[in-house]
Ligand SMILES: Nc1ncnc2c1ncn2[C@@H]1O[C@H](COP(=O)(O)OP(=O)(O)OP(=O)(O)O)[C@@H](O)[C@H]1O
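Next up: just one chain, as structure tokens, the form predicted alone.
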Amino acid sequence: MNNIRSTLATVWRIASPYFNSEDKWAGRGLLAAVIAIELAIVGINVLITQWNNRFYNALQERNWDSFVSEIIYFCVVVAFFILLAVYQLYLNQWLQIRWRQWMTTHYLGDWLHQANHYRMQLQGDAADNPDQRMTDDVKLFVDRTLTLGLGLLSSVVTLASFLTLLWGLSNEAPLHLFGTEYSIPGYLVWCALIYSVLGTVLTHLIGWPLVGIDFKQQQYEADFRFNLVRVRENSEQIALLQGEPAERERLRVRFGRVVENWIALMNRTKKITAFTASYNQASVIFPYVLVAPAYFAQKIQLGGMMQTASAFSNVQGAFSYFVSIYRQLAEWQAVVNRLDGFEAGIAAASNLAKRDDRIHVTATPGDGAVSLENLVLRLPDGTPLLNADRFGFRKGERTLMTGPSGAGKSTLFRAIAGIWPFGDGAVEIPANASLMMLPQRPYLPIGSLHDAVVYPGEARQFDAGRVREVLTAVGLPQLASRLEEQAHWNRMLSLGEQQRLGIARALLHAPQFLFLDEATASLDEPAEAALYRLIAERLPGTTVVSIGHRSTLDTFHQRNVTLVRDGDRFILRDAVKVAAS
């Protein structure tokens, strides 16, 4: 019971925000319409049950006029049933897509809010494969929640509608055993209840492992799909290293987990299907076995027997609701657990950026330097990495940062950008200052070249002529005529060309502070020198901080900062240069 309450509380927490959102009236209206149609369909089932009595009595009595009128009545009722079923499906699907759209937008917003997606990876990415959780899991959650919820409502209303009817029919068709009549009030109801309880208990005992197996199946499927995407995106490096056998083996192992878990799913599904199929087939004949003695004792007519069987079937089906949907219920609970874990992962990443023992990025008045005050950078496990106190990158100055690999240069850039939470101290940035970080491999979104160059801005913010001019300036005149071409630019362009595009992006956005993390390392020295001269010419007022290892970079910077080891961590050591260019 505690597990059921916990699951229902989680479902309510995930589902209720939509029905209280800006789209709440549309959502509530569609849900109300779907529920109303479901209730109407239950009402039609009651009418059909009553029709069974009249129709089969007409057959037994060979009453032609009654037979014809009942056929006409049936056609009218069925026409209404078909109309309701069609519109229930239509409105249900309309509600599903609106609900799914809202949830996906909501999750995307939270996942991409202030680098939550990055901090989730820093925490080990416990909520694995967020792409799968925002696509398959959200879709299944909405579909299964509506399907199971409406099914449960239908079962409750069916019980309320047929219970009294079946109780009365128990009196009209009393229990006969071995020629003896037994007067047991509502015995058909008690038989349906006992039959359903036994079926539900046995179904749960057989099928409860399905929840965990379904959870793992979705996880393994998503992991295999993710690694296929990684192979596709890194196909050149794999081909150059002739790594196809290694990748084939890695993918084979991951798909082997899919197959192994699928076999476990098959075996458990086979057991639950064998029981539920037997249970459902037995439930077809069970009411006739109960009522047949009364029929042959001429206590009821054929119509009464058929009505009793139909009412019993409805009541037993309502009681046995969880038997019939157990497989879907297990899949649904696995989906709920995955979405709950995803929300918990986002919340943990968000809290990581809010806790007191973190690096504080604060805005300061004026347009001066980026300052580091009592800054201590740590690794996620708490190991000290870098100390910097009362250190600043002054306005308009060009600084070169050097040091051994693993000293924390890139991590310092992440801390300045506000996405590295591990540590303490403060990073002070002038209020309203614009910063741009250019990594060694720039991110180029799939789409038009125009969109890729101006990212994270929008194409309409930058005139096409201006973009073409900048592309030519950074040494990519061959791309100037391809602005509207759609492509996966990270795969089409060499790393050197991608780095030129990164510099073009900086020239277009003209940030006040530009941080270059080996952003020209894939270019030859003359090309790198040309780009640094271009930055100095086009962005004369921009503060530039570069991470690099080539001695030729000294010429283009006024200041040199080196990371040197001091005990168990590194510190910044500043050496002011005499010459500058």
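Quantities reported herein were computed from a predicted structural model and do not represent experimental measurements. Heads up: residue numbers just count along the shown sequence, starting at 1.
The following text describes the form predicted in complex with the named molecule, which does not appear among the structures shown.
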Quick check: do Pro380, Ser410 and Arg414 each get a heavy atom within 4.5 Å of the named molecule in the model of the complex?
yes
Distance check, Trp420 to the named molecule in the model of the complex, heavy atom within 4.5 Å
yes
Does the named molecule get within 4.5 angstroms of any non-hydrogen atom of Asp554 in the model of the complex?
no
Glu518, heavy atom within 4.5 angstroms of the named molecule in the model of the complex:
yes
Close approach of Gly212 to the named molecule in the model of the complex, 4.5 Å, heavy atom
no
I need the one stretch from 450-458, 151-159, 397-405, 317-325 whose residues put non-hydrogen atoms within 4.5 angstroms of the named molecule in the model of the complex.
397-405
One residue of Leu508, Val142, Leu385, Ala330 in contact with the named molecule, assessed in the model of the complex (non-hydrogen atom, 4.5 angstroms):
Leu385
Just to confirm, with a 4.5 Å cut-off on non-hydrogen atoms, which of Ala480, Leu91, Leu435, Leu122 contacts the named molecule in the model of the complex?
Leu122
